[in-house]
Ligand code: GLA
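A single chain, nothing else alongside it, follows as structure tokens in the form predicted on its own.
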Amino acid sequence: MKPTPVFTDLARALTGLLGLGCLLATTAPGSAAETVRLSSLDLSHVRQGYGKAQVDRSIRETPLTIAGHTYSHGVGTHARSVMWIQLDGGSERFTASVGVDDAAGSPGTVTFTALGDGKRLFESGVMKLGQPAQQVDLDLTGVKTLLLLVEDARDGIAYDHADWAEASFLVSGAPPKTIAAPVEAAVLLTPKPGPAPKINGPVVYGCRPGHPFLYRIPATGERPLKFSAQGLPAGLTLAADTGIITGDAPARGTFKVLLTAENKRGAAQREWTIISGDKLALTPPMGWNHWYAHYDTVTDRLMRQAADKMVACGMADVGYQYVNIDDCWMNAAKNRDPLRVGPLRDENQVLIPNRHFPDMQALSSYLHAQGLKAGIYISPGPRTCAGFAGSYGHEALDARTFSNWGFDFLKYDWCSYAEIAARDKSLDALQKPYRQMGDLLKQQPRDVVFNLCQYGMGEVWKWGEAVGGHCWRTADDLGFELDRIFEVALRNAAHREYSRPGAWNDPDYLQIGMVGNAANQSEPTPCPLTPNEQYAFMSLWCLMASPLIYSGDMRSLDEFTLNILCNPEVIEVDQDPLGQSAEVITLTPDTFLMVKTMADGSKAVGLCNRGEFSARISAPWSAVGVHGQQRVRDLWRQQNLGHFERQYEAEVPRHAVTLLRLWPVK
């Protein structure tokens, strides 16, 4: 039973006078109950997108204030915030005032939701800075579990400071307590590759005429394998024992090649098309980047170890090929590591790698010898994000240097460029450094895939290809938003019309397994995602035709992480030559379909549940865009599920994706 407002105010006043702390005994008519403040509970279980939940203060550790009104107690949090509370039927009501805290200092947009045993009890809608608090008053009779959520209104989490002010439970039975989110077992869904040969990877490959050519045929099966190729153009040579194709790219044209891999268990063949012309990255780039594993501790040795592991663990056998250095390979004016401090350029203005990288050309040659490609990083500004040497004023020289060193991929990160240009953020100013470097890379005598890292400014997906880019970041660093992979995917998929061969929307790196905390750039620890979230991560990225660049610790790859990274049938969805990003079909606030048309006419379909509870999701053929009987295959388990006439439905766990492929039954 809810106490009267007068009684509640009196009780609050007595609490302040007598210093009774967080528990306040009250007596409602006809029953004994006590008021338990939300802020008195253990907040260590609260999972949120930034910082830690605060007791009786905002996320900025200031008084809780919403639209100019200050509250004495409550919980200050930050989107995306998830708070599980076990009630066991002991609470009668929950009351609170919710809104964006005034200390946000810039417009934030959040939504508040309360769910009791999976049923929505309250939804605030979008709330903004300065908007008066909304009142929450929930009947919790019989409710066993309450879930309090703060979402980001699908526009990013910047300044999303959210307050559960004056939040209290009226308790007549078991006291409320916060609990951890449901625990899941790390189940290996994908069977290991069989001993018979199987050729994987893209079926189409782009290159520029006359440039150095390098391709490692991805193939699983018992070693040794013997490789051969029919129709390989003149100037290219295949090493039969390694499957590495080298030489000079052929003249302009399309070349159909039949690849064969054999071992004592049998033989496998695959058609593969080389298109020699102006376009690179005809399928999304696949590889590894050091950033979220090693930050500013990266070394030549770590890069070589990563390449060795990519081959040894089987990642190269399913199509991963780039080994990319991120920031901190150059010298800096100052750094905590003296081996990374020194002159930025030599007497000829050529970049000087720091002492952890003694020979950049030798490093790229080491990678190339294994059939892998080398990537490098710099900023168009005077400094990189971490304070190392940038390219500003030396762009032509740096493009030539990277080419001479043998690098095949360049990540160009906005960073300090805004300090000396583009302060007005006009479209021309945003495009200028990328257009300049894009033109310079085209002039080099080797193929360099160009990654535009400028966080989606100026709607880069509309012009990234025009300035020479092959892929471009569509939003901020994902390392700060790992709890929002579904929201990030939905935001990225909104730009699906701009996804095509040679032009890819990039929502940032795959961060599963062992990764460092982006907030403090710590040593790698187990990623915070549940097993289902990690499978969902890969499913969403493949459905969107995103670059598949892993950024975890290669030294610590375990069987579970490799199970997610190395499923050839899932990767085939990403590497489909049609290059389509899936269409999103919204079903409920928490569930949606992602439907991708494949080059062979089949459909890849994701049944996606971003909600906090398991959900039954149906994919009707009318929504998927097919009709008649369809053969349905579970891609993660590599199992045929049967023929279905009008729809397919499944129970999808919380934060999970069921990934299917449909072919018409003829």
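Bear in mind that the values here come from a model prediction, so they are computed numbers and not experimental data. We number the residues from 1 along the sequence you see.
FYI, the form predicted in complex with ligand GLA isn't displayed, but the following is about it.
Novice: Though only this chain appears here, would E151 touch ligand GLA in the predicted bound form if you measure heavy atom gaps against 4.5 Å?
Specialist: It does not: once ligand GLA is placed as it appears in the predicted bound form, E151 has no heavy atom within 4.5 Å of it.
Novice: Would R340 sit within 4.5 Å of ligand GLA in the predicted bound form, counting heavy atoms only?
Specialist: Contact with ligand GLA, no.
Novice: Indicate whether R473 is a 4.5 Å heavy atom neighbour of ligand GLA in the predicted bound form.
Specialist: Although ligand GLA is absent here, R473 would touch it in the predicted bound form, with heavy atoms inside 4.5 Å.
Novice: Examine D326 and determine whether its closest non-hydrogen atom to ligand GLA in the predicted bound form is within 4.5 angstroms.
Specialist: Residue-level check for D326: yes, a contact with ligand GLA.
Novice: Ligand GLA isn't shown here, but in the predicted bound form which of D413, D102, E569, E262 has a heavy atom within 4.5 Å of it?
Specialist: The residue from D413, D102, E569, E262 that makes the contact is D413.
Novice: Out of Y377, W541, Y535, W461, which one falls within 4.5 Å of ligand GLA in the predicted bound form, going by heavy atoms?
Specialist: Residue within 4.5 Å of the partner: Y377.
Novice: With the partner removed from view, which of 452 to 460, 554 to 562, 355 to 363, 91 to 99 is the stretch that lies within 4.5 Å of ligand GLA in the predicted bound form, judged by heavy atom distances?
Specialist: Selected range: 452 to 460.
Novice: Mind listing which residues of 264 to 299 have a heavy atom within 4.5 Å of ligand GLA in the predicted bound form?
Specialist: Counting only heavy atoms within 4.5 Å of ligand GLA in the predicted bound form, the single contacting residue of 264 to 299 is W291.
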